[in-house]
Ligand SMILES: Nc1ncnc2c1ncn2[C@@H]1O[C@H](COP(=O)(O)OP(=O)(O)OP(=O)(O)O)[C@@H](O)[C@H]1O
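A single chain comes next, written as structure tokens; it is the form predicted on its own.
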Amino acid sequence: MRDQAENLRMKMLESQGVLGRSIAIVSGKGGVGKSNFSTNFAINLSRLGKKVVVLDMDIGMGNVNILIGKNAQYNLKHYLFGEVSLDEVMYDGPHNLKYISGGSGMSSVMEWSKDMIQALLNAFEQLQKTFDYILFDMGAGATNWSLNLISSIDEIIVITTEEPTAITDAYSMMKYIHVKDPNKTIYLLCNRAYSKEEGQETLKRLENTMKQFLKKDVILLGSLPEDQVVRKAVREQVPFSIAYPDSNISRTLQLMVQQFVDRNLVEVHGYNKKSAFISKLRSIFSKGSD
């Protein structure tokens, strides 16, 4: 009954022209497992019947295709230069997941022509009409270009670990985002937690720091455990959610994604027809970007 009701609701929303939700997955530093999370988070969304596309925006270091054992002949740069169509840079992943490699074409916005900018906007607009979720796997750290893109995206998931440097950098990233857009919805995840208690303590520390110094509320997405199956899955080039579905981390993530979807069902899929994402991005490009 739930599946039938969900299908009916989705058809109704599609007929109303409701657009998919954009989510940026970011971290203050590298090595926190961001791309692994992005890939497996997307897979679990797809398992729930959601239409999902992942854009690998980690310039020069993108590895979503490697994590799922696929080769990407074309990337977003080829599309922006008019060499291939949007469909040709979109590859099939597991469970009907789609992914696009960013390549090196996103690194210098100042060198973009008006045609390239329009092509990018057209692509994002089309993706919003086609998918329920557009996940942007962003590179670690902050550049003017990445912050501008992140500030236009609907929701942000910030990933940290229990390491002091990761916590400090996660706070800095959230501060950058907050300065750009104080109303931005920010989720916080602790990855590679050695225990549930330590993971929650890390999240609470960051939550309290955001409230104290920035007067900003963040949503605690939860923590994922340190699990040896993750490294095994990377070596096997199969996402851990698929290779080891009964592992601790796979079960924890599955529950986390279900709670994420349930909590945001009305907000996410009830998003109105006018895309704040596209309009904000269009405004950024019209002003120019470093």
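Residues carry their position along the shown sequence, with the first being 1. What you are looking at is a predicted structure, and each value in this text was computed from that prediction instead of being measured.
Heads up, the form predicted in complex with the ligand isn't pictured, but that's what we're talking about next.
Novice: Though the ligand is not shown, can you say which of 102, 93, 139, 199 has a heavy atom within 4.5 Å of it in the model of the complex?
Specialist: Of the candidates 102, 93, 139, 199, 139 is the one lying within 4.5 Å of the ligand in the model of the complex.
Novice: Check each of 234, 243, 256, 48 and return the one that places a heavy atom within 4.5 angstroms of the ligand in the model of the complex.
Specialist: Of the listed residues, the single hit is 234.
Novice: Could you tell me which of 207 to 215, 184 to 192, 94 to 102, 163 to 171 sits within 4.5 Å of the ligand in the model of the complex, going by non-hydrogen atoms?
Specialist: Selected range: 184 to 192.
Novice: Would you check, heavy atoms only and a 4.5 Å threshold, whether residue 44 touches the ligand in the model of the complex?
Specialist: Contact check for residue 44: no, nothing within 4.5 Å of the ligand in the model of the complex.
Novice: Taking the ligand as it sits in the model of the complex, is residue 33 near enough to touch it, meaning that at least one heavy atom pair lies within 4.5 angstroms?
Specialist: Contact with the ligand, yes.
Novice: I'd like to check something about residue 55: if you look in the model of the complex, is any of its heavy atoms closer than or equal to 4.5 Å to a heavy atom of the ligand?
Specialist: Contact with the ligand, no.
Novice: Does residue 230 reach the ligand in the model of the complex, with heavy atoms at most 4.5 Å apart?
Specialist: So residue 230 counts as contacting the ligand.
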